[in-house]
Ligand code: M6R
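We begin with a single chain expressed as structure tokens, specifically the form predicted on its own.
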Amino acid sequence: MCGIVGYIGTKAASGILLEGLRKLEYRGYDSAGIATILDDQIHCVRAKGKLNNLQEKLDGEDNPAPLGIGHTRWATHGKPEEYNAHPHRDTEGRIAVVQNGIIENYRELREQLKAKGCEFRSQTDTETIPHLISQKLIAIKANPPNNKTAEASLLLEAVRQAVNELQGAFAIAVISADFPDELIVARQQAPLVIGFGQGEYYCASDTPAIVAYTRAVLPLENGEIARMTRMGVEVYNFEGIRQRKTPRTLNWNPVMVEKQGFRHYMLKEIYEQPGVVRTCLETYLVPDWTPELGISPIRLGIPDEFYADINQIQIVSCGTSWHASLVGKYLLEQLAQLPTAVQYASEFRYSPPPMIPNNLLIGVTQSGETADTLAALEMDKKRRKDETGPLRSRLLGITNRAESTLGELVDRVIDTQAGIEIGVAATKTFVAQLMAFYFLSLDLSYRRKTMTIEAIEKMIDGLRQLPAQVESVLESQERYIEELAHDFVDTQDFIFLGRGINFPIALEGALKLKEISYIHAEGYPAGEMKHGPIALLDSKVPVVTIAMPGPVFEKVLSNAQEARARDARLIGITPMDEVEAAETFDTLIPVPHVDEILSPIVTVIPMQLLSYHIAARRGLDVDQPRNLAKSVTVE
């Protein structure tokens, strides 16, 4: 979950590295550091805490070095102290390494390297890597091997031999004072992308770090290693065989990753949601569709044979994506009439269900790099590898990064079209995932004939109205919710309630509040309150209830009354003109009238705003909440 960045070219590297780390700080902010090569020495500067602390150390430095690597850390092995910060160096200080991931066999390697005289100065798994590369270099110089990577570079060969002894998931960048004109990078189960400029090259864990400098990128694949010089990039596999690769062009621009006048990225991304929904509609709805066309109104690019004979769906995901998947389960079962199970990816991979014929496995991950989700999909793919017919592997991905590892792993991808999301707490990518499930459910419903044409047309018409309805919530309620947040600055506990398709939205509301305000919050199905959680209620515990007109509307109001009888303050997310709701709740956050099955897109907006404004009022770092990282690339 850490962020790494590297540069080799003609400009001073330190400023480029620092700006790259700023764009990657969402991946970790326990400590940061950069290493450059200056006057035949590795110059390393590290700092505990956020990137500003490193910036202060670098201010006033005159460092023209045109080669360097940088790192922002989310601590796994070792406390977030400066001595555990990356880059890490070998005993002589001639090799520096930054890493994202976990080296699972680091203890064994550490003991072997200590026996050879290597001196360790940190508690991290990463420090084994520069020591191991150093030892490989010593051996290579004593007995040079005869292979293509060794001919290209001794440093490249040393890194290649070293990574073949590493177990785990990792992406690394390596520099050496003895090889001041090259930067070596390698990837195994952790993201790494190379950027191409004019006589200068970049590497990073994620493209936002380099999009200001280049849009020509090459994502490394698992088991690949690359040598970067001012003359170009050479890519090899871990066996040392040269690979032929072609960069591609990103359709991003630097403005997409700026705050554009908003106080926080999270608030900007909340306000981007109407545009995200519009983009999804434009991308996936067939223009001017009519039943007479004889085709699905949804254009996901999924052929009939991929859907053929599906009789069950399994979804694996984590965190906010898991909540989106629960909404997806509701839609797939109610609209497409397909039994659907949702599992945490971290549980699925260690206790997979029995293989079921004609099963579709869907992996949902914002980044496309979530370690548990990828591992769950990979495991299912391997166990069905030799199967054909009904037991064959059939994998679908839902992600905001179609170019990610997920995109390489699955058979088909639904790109959620949300654009870059910097805030650690997901907002617009959650809504985009919901839209993906609406489209998938409608596509399957049309092809399976589980909905009438009239019902499909009505739902599509409702989807087209959603952008304006989300805008109306933002325009009419944000200032009110900001004032309301003042009442809860010192609150210690929250309860969120919902039923049916809005139960996952209650879970998501609770998660958002926990993530950025550090207030304990729990989400429950409204009907389950009386089966235990009601014991938590008193006048100090607010209860946020989603009550949208539909089959369970009256029951939700009745459940809310049970909480009111225990002196809890009731906050209702409900249409304004619902008289009974107005009489039930102490505080109303009104939303537009919308068909209940489409309501999650609307009801989640007040949840996001309430969490945001409570956290901001408490003076917390909304975009970079403690202990969290945007992309969870370690188990």
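Residue positions are given as counts along the sequence shown, with the first one as 1. Keep in mind the model is a prediction, meaning the values are calculated, not measured.
Although it is not shown, the form predicted together with this ligand is what the next lines describe.
Would you please decide whether Leu511 lies within 4.5 angstroms of this ligand in the predicted complex, comparing each non-hydrogen atom pair?
Taking the distances in the predicted complex, the answer for Leu511 is yes, it comes within 4.5 Å of this ligand.
Would Thr370 sit within 4.5 Å of this ligand in the predicted complex, counting heavy atoms only?
Result yes; Thr370 sits at the interface with this ligand in the predicted complex.
Flag Val424 as yes or no: does it have a non-hydrogen atom within 4.5 angstroms of any non-hydrogen atom of this ligand in the predicted complex?
Yes - in the predicted complex, heavy atoms of Val424 and this ligand come within 4.5 Å of each other.
Classify Ser321 as contacting or not contacting this ligand in the predicted complex by the rule of any non-hydrogen atom within 4.5 angstroms, answering yes or no.
So Ser321 counts as contacting this ligand.
Contact segment among 454-462, 198-206, 358-366, 83-91, judged by heavy atoms lying within 4.5 Å of this ligand in the predicted complex
So the stretch in question is 358-366.
Between the options Glu269, Glu515, Asp125, Asp380, which residue brings a heavy atom to within 4.5 Å of this ligand in the predicted complex?
Looking at the other structure, the residue within range turns out to be Glu515.
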